[in-house]
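Just one chain is shown here, as structure tokens, and it is the form predicted alone.
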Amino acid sequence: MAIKDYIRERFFPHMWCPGCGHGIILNNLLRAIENLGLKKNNIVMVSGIGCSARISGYVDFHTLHTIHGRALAFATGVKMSRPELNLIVPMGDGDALAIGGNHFIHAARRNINMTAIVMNNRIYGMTGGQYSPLSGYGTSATTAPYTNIDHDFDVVQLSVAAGATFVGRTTTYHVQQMVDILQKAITHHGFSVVEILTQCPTYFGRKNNAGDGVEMMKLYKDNTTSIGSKKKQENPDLIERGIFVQKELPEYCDEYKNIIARAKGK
């Protein structure tokens, strides 16, 4: 199946700003799904509210565009009722780790089989450029004109601590790595987290003098490195990319089936 068969062409052109990295994520997510040969009817995408959440409107899968911060809660309901389906949950800063933070850590600890994609552009783009839990100390935003004093979450460390059995990180610059990590995340039997650093030139870039979309992608090239590289040893401030955790543990829906069987005395 060609990539164009996975999209709803009637909803294009998309609404993302020029230079936004979300379109790159959509492109490479579809490439990963195409490489895996997944059938559209076996995929459910659940999203919340925000720039990132609009992605569910562009894919020709079963989709739910739900309320803010509750994407993982809705996805859990779908997975519990139809465990054979592939659940993909794209989220932004707020859906994942602000209003949705409680759902995030509990979905991870349950190890329910779905793929959570955290599209980290370090800003609330749709609502006007407010700072988010991922903006970071010292950054500027419309709600932090004299810089932000909140420290940001490390999505990888948080995911690992919460119990996710697959955790990866990449950027919109490293598109081949993105496809590879997404493929492995989708096929992993358990809760998978993929953080993708994605540029928002309209708000984060403009407020923090980071340039346009191309210039922000160059920052991902220069300021990230592979896990355990020599560059990281020489410059500890570099952000690591790759797969941090990939392990097998009992999956939630499988364990729930066992509970039902025990209740029936089987």
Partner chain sequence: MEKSVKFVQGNEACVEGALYAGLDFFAGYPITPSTEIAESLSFRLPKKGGKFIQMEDEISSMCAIIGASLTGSKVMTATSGPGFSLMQESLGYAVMAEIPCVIVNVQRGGPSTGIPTHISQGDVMQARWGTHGDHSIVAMTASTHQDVFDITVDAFNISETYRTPVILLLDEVVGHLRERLDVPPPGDIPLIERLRTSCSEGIDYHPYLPREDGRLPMSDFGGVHRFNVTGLYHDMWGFPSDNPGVVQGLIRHLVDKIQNNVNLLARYKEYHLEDAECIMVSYGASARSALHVVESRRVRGEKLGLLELQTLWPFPEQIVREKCRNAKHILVVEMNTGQVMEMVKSSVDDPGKVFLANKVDGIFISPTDIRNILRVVQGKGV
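Since the structure is predicted, the reported quantities are computational estimates derived from the model, not experimental observations. Positions refer to the first chain, counted from 1.
One more form of this protein, predicted together with the partner chain, exists but is not displayed; see below.
Contact with the partner chain in the model of the complex holds for none of Tyr203, Lys207 and Ala210, as no heavy atom of theirs lies within 4.5 Å. Note on the interface: of 194-202, 232-240, 216-224, 52-60, the segment with non-hydrogen atoms within 4.5 angstroms of the partner chain in the model of the complex is 52-60. Within this chain, Ile67 lines the site of the partner chain in the model of the complex, having a heavy atom no more than 4.5 Å away.
At a distance threshold of 4.5 angstroms between non-hydrogen atoms, Arg122 is out of contact with the partner chain in the model of the complex.
Looking at Thr147, you'd find every heavy atom of it more than 4.5 angstroms from the partner chain in the model of the complex. Though the partner is left out of this view, Met80 does reach within 4.5 Å of the partner chain in the model of the complex, counting heavy atoms only.
Checking Val179, Val160, Ala98, Leu85 for any heavy atom within 4.5 Å of the partner chain in the model of the complex turns up a single hit: Leu85. In the model of the complex, no residue of 155-182 lies within 4.5 Å of the partner chain by any heavy atom.
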